[in-house]
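Presented below, as structure tokens, is a lone chain in the form predicted on its own.
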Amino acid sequence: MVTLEELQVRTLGECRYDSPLADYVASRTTNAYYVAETDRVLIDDTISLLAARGETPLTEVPSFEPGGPRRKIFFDPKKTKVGIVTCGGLCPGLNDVIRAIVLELFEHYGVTDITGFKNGYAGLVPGKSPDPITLTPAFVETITDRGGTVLGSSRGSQNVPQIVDNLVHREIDILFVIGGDGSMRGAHAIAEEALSRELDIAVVGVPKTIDNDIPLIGTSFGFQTAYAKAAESIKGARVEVEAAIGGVGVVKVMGRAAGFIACYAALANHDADFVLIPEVPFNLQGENGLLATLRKRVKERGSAVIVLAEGAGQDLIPASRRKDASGNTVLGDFAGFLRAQIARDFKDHDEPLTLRYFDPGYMIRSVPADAADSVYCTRLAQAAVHAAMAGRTDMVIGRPRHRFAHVPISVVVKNTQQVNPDGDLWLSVLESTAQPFDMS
């Protein structure tokens, strides 16, 4: 359980400059739609959770520092130089975040020296990537029309002391890192190195993962767009299998350790019969296993669609020993194994089968953000700029409990957020699909 001490955000020092946005917040107090900078955002959002902390005073209950503009800021806008880098895999909304950061810095803080580092952390090490580019409002004006990132990206760690040396050489005061959990670990290391040298360099993250598996930040940007695109593939699978004899569709979506995309995409249109995710164990064989249940569903309804998160079923196949560029274990091909098992089972029971396989994979992460995600990206980016200009560092912007807040990087990289089998999301999936509660 996270403590109040762990949620304290590091600062570079006293804020001595008047913020250009001071008038925006001068008379604002906490209300249902705004949290004052002197207030805190509680982690616990029910009476029973709060009561479980016993006699702990409210001032000691775990809480987040709220996001938003401050009356005073740490950096002098006229002298501030900023860097932006995008790291890891693609995600809808990356360009939206870049654009919103640039516009907020230019239009509201008067910061005009903004550098875009190319190809992830590799771009922060001289000689490993194309030269950085200058980011201006004119440059970012139309970048949200396309998916991906105009800065490029890469996976894998780089030499942190060399990165900090380069930031010092370029006189960068603030570095915005847009990336997933691995990228945030890198941002944490950069912030630690800068602090150990007593450098006034703020490192602020805007966390990104279409898997929605970063804890304590609410929902990741790009997630909504991703599951909406995945839902289109599920709908297409439904159309295909309904037109076939003994139609079975398997739709594999992203979700290495968390099944959020699979769950939300399945809920979007009620076209899925089974949802398989890493968090909920299942068996293929046996009276209650997936294969027998699948045959029964096809007999009753003529067809079935299985939505498979890529990390599901890994316990049913040999473990992989390979690692990818980010250091993650390469997942085994459970989708292929599952298709072979389905084909064999239907043949053994002399049942007709038309098996279709769909893998929207990279397509769902490379599209532009939808309107809702674009709004979310803009608000996250604005909050990130406010935090950085106020001298906050080694932190990410999140929206826990639907309140924008500052979260220390050390906390968000500790664990992976997953679908709780005892939570209401999985209950909704079971209701929507009518799949058995237990397939073990």
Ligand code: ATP
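Numbering starts at 1 and runs along the sequence shown. Just so it is clear, the structure is predicted and the values come from calculations on it, not from any experiment.
Although it is not shown, the form predicted in complex with adenosine-5'-triphosphate (ATP) is what the next lines describe.
With the site C-alphas superposed, adenosine-5'-triphosphate (ATP) from its pose in the predicted complex puts 3 or more atoms within 2.4 Å of the backbone and C-beta atoms of the shown form; the site is blocked. Contact annotation: G156 falls within 4.5 Å of adenosine-5'-triphosphate (ATP) in the predicted complex, judged by heavy atom distances. At a distance threshold of 4.5 angstroms between non-hydrogen atoms, D181 is in contact with adenosine-5'-triphosphate (ATP) in the predicted complex. adenosine-5'-triphosphate (ATP) is not drawn, but in the predicted complex it has a heavy atom within 4.5 Å of A189. Using a 4.5 Å cutoff between non-hydrogen atoms, C87 counts as a contact of adenosine-5'-triphosphate (ATP) in the predicted complex. With the partner omitted here, the stretch from 108 to 116, 274 to 282, 147 to 155, 347 to 355 that lies within 4.5 Å of adenosine-5'-triphosphate (ATP) by heavy atoms in the predicted complex is 147 to 155.
When adenosine-5'-triphosphate (ATP) is considered in the predicted complex, only one residue from R99, R185, K229, R339 comes within 4.5 Å through any heavy atom, namely R185. Contact with adenosine-5'-triphosphate (ATP) in the predicted complex, judged by any heavy atom within 4.5 Å, is made by just one of Q162, N288, N269, N328: N328.
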